[in-house]
Each structure stands twice: as structure tokens, then as C-alpha cells.
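Just the one chain here, laid out as C-alpha cells, in the form predicted alone.
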């Protein structure tokens, strides 16, 4: 495996389309495919455990139904988060953030942890993720520093405040659907390391503008070789992909 100080290729939701998203099985699939960088979504359970889920509800990626926010971790561990993908992953449980951090420590891989708050929990979740990651990094000083990102400006503000209070240098990235000068200014004001946006927003002038502010630019979700080739030629710093075979196709 080729290891980079800041990897360009990032496995989306752990293992892209190769395994059920946001599970340990997904991370294992990504690692097996040669990835050294992984993105996943982090939210709070009803009893304060940080765990992985993209949606506000359990419907799409588990055998349970309804909003995720009321569920306690002890009950979430009994949910099947694998069968929706394929029979091979039947019974795969959701992953906790601590399990993913253990995986990162064991395999020395880089994480992009997207803060994905339940409604009304933006600041609470941002602070909780920042504090847990700062604590973990203090215990694992030689591990690659995770990057915290979010669409929620409030979550990133809370994460920034917590990191500053702890004097922790965990980096942040502002995640947006649409690029304009305003979001670049917001990212800079947050003290962010990077800006993440839809790949269709990326043009050479956008790359130049982001780099001129000293930020990295990464794009989601890039699943075609021609797209990836053009974006890298434009100077993009990182690509999130569902296609674990994509790097080998360039």
C-alpha cells in the first residue's frame, strides 16, 4: 500500500459500495482494497455514545425503523446494519466511534470524521466528537491526526471551541454542497484546514481560490475514472469515492 502524509483517495463511509456503510466491515473492505484513508459519519445516541450513521432515520441502512435519535447504544448494537447491502453481511452491527478509532490506531490509517448531528444537537455533537478525538490523539500521539468535517457550521464552531480550549490541533474542514466566496470565507473564519464540496463544483479557478487562502480542497463523491483524472489534473487535494477499484483504473 502506498501511504501518503495526507492521502488523496478516501473511502466513502468506510468501504464505499463494497460493504454496508459506516460499519467495521466497510473499513475492513477499504483496508483490504489498499485504502489508507476513510470517511464516516458520526452522531450521538440517546445515552451519549458516539456512533456511525449517515441518515436521520434507521430505515435505509438497518432493519429498524424511525428516527435514530431516541435509540440507546445498548439497543443499537442489536440492530442489523448489514442485510440491506447483501446477505454476506447479515447481522453486521452499527459501529461506534471508539471502535473506528481502535481500527485507525491498529492500522495507522487516516480518518475524516463527518459530524452528523441529530436535529437540535449540532453544538452538543460537535463538542463531543472534538473532545473524544482530542483525547484519543493525546493517547495516540504518533497516529495520523483525524480530520473533523461537517455541513453544520454550528457543529464546527462548537468543535473549534472545544479544540481551542483543549489546545488540540485536530484539523477541521467545512463541508458544503455549493461553492461560492461566502463558504470559503466561513471556512477560513473557522480556522479550517480544508473545504469539501460536490465534485461538480470544482473548477480550476475554485482550486486556485481555495489554495490561495491556504486551504485544501477535497470533493465528493467521485466514482468515474474520467472525473477523477480531470479533478486531479486541476489540482484537487483529495477525492471521496464509493469505488474501491477506482485508484487502480487511472
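Numbering follows the first chain given and starts at 1. All figures in this text were calculated on a predicted structure; none of them were measured in a lab.
There is another form of this protein, the form predicted together with SN-glycerol-3-phosphate, and it is not shown here; the text below is about that form.
*Using a 4.5 Å heavy atom cut-off, indicate which stretch of 202-210, 65-73, 186-194, 37-45 touches SN-glycerol-3-phosphate in the predicted complex.*
That would be 37-45.
*Hey, in the predicted complex, does residue 151 get a heavy atom within 4.5 angstroms of SN-glycerol-3-phosphate?*
Looking in the predicted complex, residue contacts with SN-glycerol-3-phosphate include residue 151, since a heavy atom lies within 4.5 Å.
*Would residue 159 count as touching SN-glycerol-3-phosphate in the predicted complex under a 4.5 Å heavy atom rule?*
No.
*asked:* Is it the case that residue 128, even though its partner is missing from this view, gets within 4.5 Å of SN-glycerol-3-phosphate in the predicted complex, heavy atoms only?
replied: Residue 128: no, not in contact with SN-glycerol-3-phosphate in the predicted complex.
*Does residue 28 reach SN-glycerol-3-phosphate in the predicted complex if we count a contact as any heavy atom within 4.5 Å?*
Outside the cut-off, so no.
*in the predicted complex, which of the listed residues (95, 147, 81, 175) lies with a heavy atom within 4.5 Å of SN-glycerol-3-phosphate?*
None of the others qualify; the residue that does is 175.
*Members of 221-250 lying within 4.5 angstroms of SN-glycerol-3-phosphate, judged by heavy atom, in the predicted complex*: Sequence-ordered list has one entry, 240.
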